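Below, in C-alpha cells: the form predicted on its own, a single chain.
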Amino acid sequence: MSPAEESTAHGNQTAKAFTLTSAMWFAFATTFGMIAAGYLVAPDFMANVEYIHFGRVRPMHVNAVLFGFVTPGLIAAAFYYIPRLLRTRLYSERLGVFSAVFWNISVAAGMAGVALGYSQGREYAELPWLVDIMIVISFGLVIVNFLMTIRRRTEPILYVSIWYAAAAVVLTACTYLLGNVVWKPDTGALAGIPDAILLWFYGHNVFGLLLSPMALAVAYYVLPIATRSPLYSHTLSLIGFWSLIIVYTHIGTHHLLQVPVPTWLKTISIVDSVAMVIPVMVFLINIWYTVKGKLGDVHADIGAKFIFTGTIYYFFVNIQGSMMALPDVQRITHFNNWVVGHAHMGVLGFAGVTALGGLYFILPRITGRPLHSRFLADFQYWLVLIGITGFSIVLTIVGLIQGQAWYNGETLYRTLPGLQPYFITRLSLGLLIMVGAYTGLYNVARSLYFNRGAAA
C-alpha cells in the first residue's frame, strides 16, 4: 500500500494531532529556556515580571520539554507504527484525537499553574496537584488505545518496539502517581529523606522508563526500514529491554549520595548506574550492526538521520551518567552545571532528537505527501545538532569550573565573573535550538495542513 492509500485507509488523525502537539511545545519550551538562560547572563532581565522570573520559567521550560515536546513526539510515532506492526487499525482514532487535545490542555494548565506560583517545588514534579491528575488521565487514555490495539492484533509476534512503547506508558503512569505523591494534594510531598528517595525514584525514571524506551522503540522501527536491513538480533533487543527495565529502575538515588540516605540504597544506585552500560551497549551494538554499511541510506532519510544522531548522543550520555554516579567523581560534578549539561544531552540530545526523527519519518506517511521542505528539515537538524552539542560541552566546562572552585574552597564572588562568557555562549547556542524549534514548527504545520506538494 502506498503512503497516500495508507493515509486514506487509516486516517492517522491521532498521529497528526500528537505530531503538531510536539512541534508546537518544542517552540514554547525553547522560548521558556531562552528566557531562563537570559537571567543567568543578566539577573535583572525581566525580573519584575513575576510570571516568568527564573524560579517559575525554569520549571515551565523543563516540564514543557518533557511532557509537551519529547513525550508527545515519541507517542506520535508510536500511534503510527503500532497499528502497522500489529497489522490492524488503531483501536480508536476518536479516542486518540481526544487524548491529544486533553494532553495539550493538561500541559497548558501546568504551565499556567507554575506561572501563577502554584508549584509543588520538587524537581520534575513541580506541576500542581490537579494537573498531576490530568497528566495521569492523559497517560491512561494513551494506554487504553495502545493496549486495545495490541489486543485486536492479527500479527502474533510482538516486535520489540511494541514491548518498549507499551511498557513505557504503563510504567510511567504508575511512577508518576508515586513520584508526585498524588494521595497528598495539600503538599504533594512526603517529609524529609523518604520524600527525596521517592522523588528521585520518579525523577530519573521519567527518563529511564518513559523517554528512553519510547525513543529506543522509534529507533528499532525506523532504522531497519530506512536502511532496508533486517534487525541484527531480535534476541539482543529483548535482552536490552529486560536489562533496561531491571537496571534503570534503581539508579535515582545516585542523586542523593551526599545526603543521609541508607548506605545499601546508595550502593545499589551506584552499581546499577555503572551497570547501565549493559542495556545501552546491547541496544547500540544491535542497532549499529543493523545499519552497518548503510550510512548513505541513513543520511538520505531525514528521519533516520535525526534518529541515528540520537543513538550517538545515547552513547555519550550513558558514559557520562555512569561515570558521574561514582562518589569520587560526584564530589566535583554534583550540584553544578555538569548535571544540567548531562540532562540536556539526554533529554534533548538523545530523546528529543530521536523524537524529531520519528516525526519527520512519519510525516510523509501520515499525509500521503512529501515534507513541505527537506531543506528546512536539514536546516533544523544542523541548528539542533550544533546547539545541543555546544550546549552540552559549555555546561560541562562550567560544571567542572564550579566543582573545582567549590572543592578548593573558592568564594562565590570570585568564581561567578569567570563563568559569564560561558553563560553568554550558552545563551547563543540556545538561540540556535530555539530557531530550529520554530523552523520545525513551520515545516511540520505546512507538511500537515498546507502542503501543496504532489502526492507521494
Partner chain sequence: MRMTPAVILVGVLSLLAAIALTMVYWPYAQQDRTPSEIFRARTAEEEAGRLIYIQNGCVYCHSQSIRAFDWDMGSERIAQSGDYIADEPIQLGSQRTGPDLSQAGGEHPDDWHIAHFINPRYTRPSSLMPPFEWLGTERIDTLTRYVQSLGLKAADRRMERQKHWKAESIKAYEAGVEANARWLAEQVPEGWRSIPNPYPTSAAALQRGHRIYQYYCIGCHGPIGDGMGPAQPWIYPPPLNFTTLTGREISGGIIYYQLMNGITGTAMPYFKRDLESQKIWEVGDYIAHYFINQSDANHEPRGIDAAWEP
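These figures come from a predicted structure and were not determined experimentally. Numbering follows the first chain given and starts at 1.
Quick note: we don't show the form predicted together with the partner chain, though the next part is all about it.
Peer 1: Pick from 427-435, 26-34, 410-418, 65-73: which stretch has non-hydrogen atoms within 4.5 Å of the partner chain in the predicted complex?
Peer 2: Of the options, only 410-418 has residues within 4.5 Å of the partner.
Peer 1: Out of Val291, Ile150, Leu141, Met134, which one falls within 4.5 Å of the partner chain in the predicted complex, going by heavy atoms?
Peer 2: Flagged contact: Ile150.
Peer 1: Mind checking whether each of Ala304, Leu371 and Asn451 has a heavy atom within 4.5 Å of the partner chain in the predicted complex?
Peer 2: The answer is no: none of the three residues contacts the partner (heavy atom, 4.5 Å cut-off).
Peer 1: Can you tell me whether Arg58 touches the partner chain? I mean in the predicted complex, with a 4.5 angstroms heavy atom cut-off.
Peer 2: Yes.
Peer 1: Tell me, yes or no, whether Tyr422 is in contact with the partner chain in the predicted complex, where a contact means a heavy atom of each within 4.5 Å.
Peer 2: Contact with the partner chain, no.
Peer 1: Under a 4.5 Å heavy atom criterion, is Val101 part of the interface with the partner chain in the predicted complex?
Peer 2: Although the partner chain is absent here, Val101 would stay clear of it in the predicted complex, with no heavy atoms inside 4.5 Å.
Peer 1: Does any heavy atom of Asn336 come within 4.5 Å of a heavy atom of the partner chain in the predicted complex?
Peer 2: So Asn336 counts as contacting the partner chain.
Peer 1: Going through 165-196, which residues have a heavy atom within 4.5 Å of the partner chain in the predicted complex? Please give them in sequence order.
Peer 2: Contacts from 165-196: Ala167, Val170, Leu171, Cys174, Thr175, Leu178, Lys184, Thr187, Ala189, Leu190, Ala191, Gly192, Ile193, Pro194, Asp195, Ala196.
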